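Take a look at this one chain, the form predicted alone, written out in structure tokens.
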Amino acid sequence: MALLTDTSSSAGAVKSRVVRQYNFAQTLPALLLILVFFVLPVLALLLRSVMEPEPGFGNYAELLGTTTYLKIFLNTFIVSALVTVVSLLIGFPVAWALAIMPSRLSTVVFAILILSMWTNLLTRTYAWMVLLQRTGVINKTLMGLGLINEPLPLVNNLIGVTIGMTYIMLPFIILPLYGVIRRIDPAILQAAALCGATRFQALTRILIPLAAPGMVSGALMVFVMSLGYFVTPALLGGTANMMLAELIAQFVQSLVNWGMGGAAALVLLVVTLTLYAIQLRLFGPARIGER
């Protein structure tokens, strides 16, 4: 009996080693891809940021100690946070409507969302430039309705950047929210209504807490993507609303200062990874399982 037990345990150990080796062989191409196209470029940027134009941390000191650069950092976080909040306020009702509407209608809305994601980013941004300019459709419509007497300044400012980036980011917050809301059992909301809860109470005490993981995941995705956006802020915001991605491009393309560009890029990467770590800490799989 003991011999059979030892034999079975040995066979189990061998099988476990074979499975681990097989899994490693399967993931090796992906690991090589990450190494070549992510790890090595980041290390190259790190080296250039501390070696050019001279060895040391002078680039980081200048980047974090100059008022102009700090204003660009602050503007980047303000714009990203504003776009995230507006996208969440618009995306949550849309995701809820998608979850409860008939399947045929939801299919049409999904097709519109996916089509907007597939459309070229530059084309969409130029379209918003046409719509938001002083002689654009929006200003002409508002003036024709008598709501305003003169055109509103909707481009080359924070308003234009927020509108353009929110439009682009909406699918990235609607889709995660829809997936979470779709899994919520409608019987829970019906039970709340039978127990005397108002619609507002059901929304704030049941629906929003249950949808919180999707909200956080979508908001984090939108915020992180907004931090590194370049085309839309450059075309709709102008120089007064420069963001960090534009600063990095200016360092590399115009000033050919790879040291400062690498330092700014690594600061952005560190901020992104920190936010992702916080999200995992607060709303990771373990935390969700505890709840």
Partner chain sequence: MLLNFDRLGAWKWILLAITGLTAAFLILPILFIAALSFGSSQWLIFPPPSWTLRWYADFFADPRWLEAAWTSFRIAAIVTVLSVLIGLVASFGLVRGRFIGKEALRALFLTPMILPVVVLAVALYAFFLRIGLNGTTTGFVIAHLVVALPFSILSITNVLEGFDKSIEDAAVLCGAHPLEAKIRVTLPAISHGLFSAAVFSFLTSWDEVVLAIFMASPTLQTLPVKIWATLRQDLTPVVAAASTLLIIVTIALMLLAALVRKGLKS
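Residue numbers count along the first chain shown, from 1. Model, not experiment: these values are computed from the prediction.
Omitted from view is the form predicted together with the partner chain, to which the following refers.
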Just give me the single entry in Ala212, Leu142, Leu158, Leu122 that has a non-hydrogen atom within 4.5 angstroms of the partner chain in the predicted complex.
-> Leu122
Any idea which of 167-175, 76-84, 142-150, 212-220 reaches within 4.5 Å of the partner chain in the predicted complex, heavy atoms considered?
-> 167-175
Is there a non-hydrogen atom of Ala240 within 4.5 angstroms of a non-hydrogen atom of the partner chain in the predicted complex?
-> no
Contact of Ala265 with the partner chain in the predicted complex (heavy atom, 4.5 Å) = yes
Is the gap between Gln253 and the partner chain in the predicted complex 4.5 Å or less for some heavy atom pair?
-> yes
Should Leu282 be classed as touching the partner chain in the predicted complex when contacts are defined as heavy atoms within 4.5 Å?
-> no
Sequence order please: the residues of 88-104 with a heavy atom within 4.5 Å of the partner chain in the predicted complex.
-> Ile90, Pro93, Val94, Trp96, Ala97, Ile100, Met101, Pro102
